[in-house]
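Provided below as structure tokens are two forms of one protein chain, presented individually as structure 1 and structure 2.
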Structure 1
């Protein structure tokens, strides 16, 4: 009985691994192309038929990227915008998400729906009016303006998402904590958040990536080159007459790394830590 169960598990596991590999190939094929292309010289990248792997792998594209754009400066800009967006967003969305998920108040449906409306208008159509507001409140050419715009556009998602995650948590758990002497805020911090941690991590990663990849607000609100984030920098390789593919892809590769590192860290610290802690209880 035990043996057959084990066998069964082994078979399903190998099936899962096979499926994962197939899905990964599907999802990562373009990045395989990115990896091989950024190691090719200009001559190789335009060879017909294309080479699978670079004939003479070269790192010259990275030094070209380094010499063409102030990479460190752009990284700084992107980090400030991305972290700023995460912080501002978390500060306003977690309380709001808790309120809509766990409290009863009139107008709840209306508020939830109103948040959603902002997602129905693409930034393309509202960016001019937003720009006028940013000038009115004297935030033009500041990171804060970009951070606020990104936070505004991510808040509805985070609130709806947290609403989903929070309301999935059985009411009994929170009540138990409150009987133990926690007030609502205490219960939110000590009980609800840890259980919803995987969800919270997802929303944090979402907002980070949104801020990290911002283009339209940085383009519109920032007026000095020193403040540009990486996305703006990368566009310098997408010219008017030609695309510098090998350099663009090298730069894009560098831009992905911090996000992956962050994800790796957050994942380790928060998902396993918090979720594990909650399950133990």
Structure 2
């Protein structure tokens, strides 16, 4: 009986491993295509029949990207939009998430579900309405309009996530801080936020990536080429009759590097935050 159970477990584990490997290959395949294509010349990209690995790997595409478009300026635009979205989102979501987690008021569950419902709508649905509002408040062709639009779509989900993290913190810790002389704001800043650091870092990463990848709002609200983010800059490689794939993918690789670096830097903070925030009551 034990042997049959062991065999079943081995078969199950083997199936899970194979399925995981297959999913990883499926998800990483586009990155593989990007890596091999950015090392090809234009002749190799359009060679018929095509071949996977470049016969003569070259790094000239990175030089062409820097010389063709003002990539450094587009990096600056993406950083301004991403960090601006993070700051505005955090300023709104932290007190809102704390209020939802700790305070009791009528319609609390309805508000939480309404936050989730907003995530069902694509930005394309409301972009025309937002465009009219941006024109009326004279924010057209400004980073602020893009930052506010991104914050509008990220804040509901972040509030929902922070509500879960704040609710998981024992209320007794906050009560002890208030007995020691902290008011509610002081307890939030000095006690609750350090314990909820993993959740806060997670929401910051989510918001940063959302702002970094923004395209639709930048395309709609920004009119000056000097203010374009990376997504708009890379779009210039898509021509009417052809696409410069080798340069487009080289630029895309450079665009994802800051996000990869951010993940590597934050990974240790997430682990230490989880260990340091472990609370027993």
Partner chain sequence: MGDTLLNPRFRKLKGEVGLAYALLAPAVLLMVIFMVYPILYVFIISLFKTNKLAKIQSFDGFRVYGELLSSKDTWVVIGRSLLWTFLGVAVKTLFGIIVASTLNVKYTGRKISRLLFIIPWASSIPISVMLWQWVLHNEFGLLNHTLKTIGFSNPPVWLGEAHTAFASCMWVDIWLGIPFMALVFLAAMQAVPQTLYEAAEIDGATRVQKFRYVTLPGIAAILMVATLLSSLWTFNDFNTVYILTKGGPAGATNILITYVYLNSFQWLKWQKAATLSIFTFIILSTVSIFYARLFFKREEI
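None of the values given here were measured: they were computed from a predicted structure. Basically, rigid core = biggest C-alpha set you can superpose within 1.5 Å across the two forms. Numbering follows the first chain given and starts at 1.
Asks: Give me a 1 or a 2 for the form predicted in complex with the partner chain.
Replies: Structure 1, which is the form predicted in complex with the partner chain, differs in this respect from structure 2.
Asks: When you overlay the rigid core, is the Cα of residue 50 off by 2 Å or more between the two structures?
Replies: For residue 50, whose C-alpha is compared between the two structures after core superposition, the shift is 2 Å or more.
Asks: With both forms fitted on the core, give yes or no for whether the Cα of residue 30 moves by 2 angstroms or more between the two structures.
Replies: Yes; that C-alpha moves by at least 2 Å between the two structures.
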